[in-house]
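In the form predicted on its own, a lone chain appears below as structure tokens.
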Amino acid sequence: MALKLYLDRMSQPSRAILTFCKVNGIEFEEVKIELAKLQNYSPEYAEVNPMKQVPAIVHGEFKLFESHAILIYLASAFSGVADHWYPADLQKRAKIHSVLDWHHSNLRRGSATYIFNTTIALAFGQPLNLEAAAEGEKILIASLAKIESFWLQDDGPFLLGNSQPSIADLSMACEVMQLEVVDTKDRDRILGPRKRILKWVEDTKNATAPYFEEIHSIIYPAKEKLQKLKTMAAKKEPQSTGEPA
């Protein structure tokens, strides 16, 4: 059966799906859905994903959305996927599910809120919301601390102390990589002290080479464009004269 991936490479979960397929030699057709152009709201795409988000897949007649569900499906449906990605052992699987569930409620919630309201909102023609960004940053900082203190263990370099990456490592590492689009000083302020996380992301990148780095290369030119939008937005802000109204 033919597999179609509906993706925007600027989407963290989209990059996780794409990397997984490339690493595991899964053949697919990439269908680009540009969120900044609101292509996810087209009637055609609504037939694929009524929630109008990316990523989504179509495998033969089967349609599926939500990135963690997609990763689980792909790991289960295609032969040749190494066991460490989504182990056959039920208890090991349950542990991976616990990481994935935690991710959506914590790291992703904080990261997406912070990054959108400090940077990406401008690509959608929306103003930055620094109050919302501050709330997102609190959740993000707490989540990064929890990864270092709990999810990364001494038994191995990957989440849950594993010696090889799972779909949870791929999903969360792609999330952390999204911080590369924010101002460098803010990225360094948030991630700089997190040496254990930086090493884990590097280990995940190396374990999925060359695809992880290749797929994330889109971030750096996008960052330049977003910084230009920020500069333009700052110039349009009214300047205070210090005089009473």
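Treat the numbers as computed from the prediction; the structure is a model and nothing was measured. Residue numbers run from 1 along the displayed sequence.
Another form exists, predicted in complex with another copy of the chain; not displayed. Remarks below refer to it.
A heavy atom within 4.5 Å of another copy of the chain in the model of the complex is found for one listed residue only; from L198, M51, A209, A36, this is M51. By the criterion of a heavy atom within 4.5 Å, F124 is excluded from the residues contacting another copy of the chain in the model of the complex. Within 4.5 Å of some heavy atom of another copy of the chain in the model of the complex lies at least one heavy atom of W151. Using a 4.5 Å cutoff between non-hydrogen atoms, F65 counts as a contact of another copy of the chain in the model of the complex. Another copy of the chain is not shown here, and in the model of the complex it never comes within 4.5 Å of any heavy atom of A82.
Of all the residues from 72-102, those having a non-hydrogen atom no more than 4.5 Å from another copy of the chain in the model of the complex are I72, Y73, S76, A77, Y86, L90, Q91, R93, A94, K95, H97, S98, D101, W102.
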